[in-house]
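In the form predicted on its own, a lone chain appears below as structure tokens.
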Amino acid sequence: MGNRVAIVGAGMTKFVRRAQETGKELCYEAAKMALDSCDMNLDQIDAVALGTAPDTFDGVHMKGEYLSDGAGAFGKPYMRSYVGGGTGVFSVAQGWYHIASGLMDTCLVICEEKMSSYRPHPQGAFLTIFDHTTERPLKPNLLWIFALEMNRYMSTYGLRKEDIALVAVKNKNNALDHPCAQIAKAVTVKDILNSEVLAWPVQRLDVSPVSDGAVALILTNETIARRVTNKPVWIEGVGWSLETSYWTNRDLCYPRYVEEAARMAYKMAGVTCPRQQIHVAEPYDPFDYKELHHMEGLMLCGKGEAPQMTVDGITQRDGELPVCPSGGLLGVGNPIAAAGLMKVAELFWQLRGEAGKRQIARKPKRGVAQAWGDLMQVGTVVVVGI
């Protein structure tokens, strides 16, 4: 594994649609918060790993270069990565490599997204990800695809919309305690089922809101971590998987790309029984069914078992295996790349006992964060522990 790598600081802006702040300013705000949280300054950062989604969202060509000075990368080794929604967790893996290899002692990992700039809606940016011959002439959007996947998942395991709506209720209610939540509002299953149908069975409250925001983490080697904090959170394993973009060739009821990424991260972390050795999970939840889907891919339960775990309260903050105690994307918001990094930041705060009202009932020692991107194709996983 190389050198041990620790997370020693974190910062997160409020997730909300912003008319004034640029992506650069969002990066600066999150980076400063992260540095301040561990009493470090930019001069102590050796490299910057940035994650952000397509340039189309901001309407800025070479967006990685554009954001670099706001992200603190002036005069420093710098890289931008993008694997769709999987970017936030993948960026942590990129930062980990810099330090685990011994090449760098410190790395600022930062992810930004400013989606509200896109008109008429960010969904329009995704048309070009579909096959140009067999799919694009149908003018699909991601909601269609998620509706097909959700319907397949429900049909395979005989699920009702009520079973899946419980995830949205849990996460949106959890977000009432998150200071960065975009639109914190208590909801019920009835509210979910009565919301506007977008593409059956996907309804408006099944979906996370479009957001702008940034999140930053400070990664260091063990020597510096011991010097700047008495509560380092260690990156124990990283994993990723890239499947074919021909999603029509796969059975949509199970995310194999998540399982493959998880197996890589678990092997590195020495996790042999995820259900017992993972104490808190932050899977990617842009849609409520995706949390269930991803729990199964992370092997936190068997195939088709995640809905019953939710019904039984196992995934609540005071449950046996808290899942998205932060409120997740459904509750806090979904600035795509930043949303994935938020998952790792939340585990950092949970393991240090600094999550405030979001703190889970049990004292966790290990957590897993996961994100997913592109057309059911990218899986990224990070395991952290104390």
Partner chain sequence: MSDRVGIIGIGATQFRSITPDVSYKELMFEAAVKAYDDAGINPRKDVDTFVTCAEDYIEGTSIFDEYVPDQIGAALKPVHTIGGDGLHGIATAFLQLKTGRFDIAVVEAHCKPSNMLTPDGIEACGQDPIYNRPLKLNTHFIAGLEMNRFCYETGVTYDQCAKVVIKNRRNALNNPIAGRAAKLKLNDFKYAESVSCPLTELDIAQPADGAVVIVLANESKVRALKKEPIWVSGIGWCNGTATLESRDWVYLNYVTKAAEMAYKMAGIADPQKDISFAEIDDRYSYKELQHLMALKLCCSCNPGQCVDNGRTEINGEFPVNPSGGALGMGYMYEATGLARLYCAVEQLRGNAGKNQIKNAKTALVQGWRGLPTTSTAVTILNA
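Numbering follows the first chain given and starts at 1. Being a predicted model, the structure only gives us computed values, none of them experimental.
Absent from the display: the form predicted in complex with the partner chain. The rest refers to it.
- With the partner chain left out of view, the stretch that reaches within 4.5 Å of it through heavy atoms in the predicted bound form is, among 131 to 139, 219 to 227, 295 to 303, 275 to 283, 131 to 139.
- Remark: I183 does not count among the residues lining the partner chain in the predicted bound form, judged by a heavy atom distance of 4.5 Å or less.
- Among residues of the shown chain, T56 is one whose heavy atoms approach the partner chain to within 4.5 Å in the predicted bound form.
- Interface membership of I192, defined by any non-hydrogen atom within 4.5 Å of the partner chain in the predicted bound form, is ruled out.
- Proximity of V60 to the partner chain in the predicted bound form falls within the 4.5 Å heavy atom cutoff.
- Residues of 80 to 114 lying near the partner chain in the predicted bound form, listed in sequence order, are R80, S81, Y82, V83, G84, F90, Q94, W96, Y97, H98, A100, S101, L103, M104, the criterion being any heavy atom within 4.5 Å.
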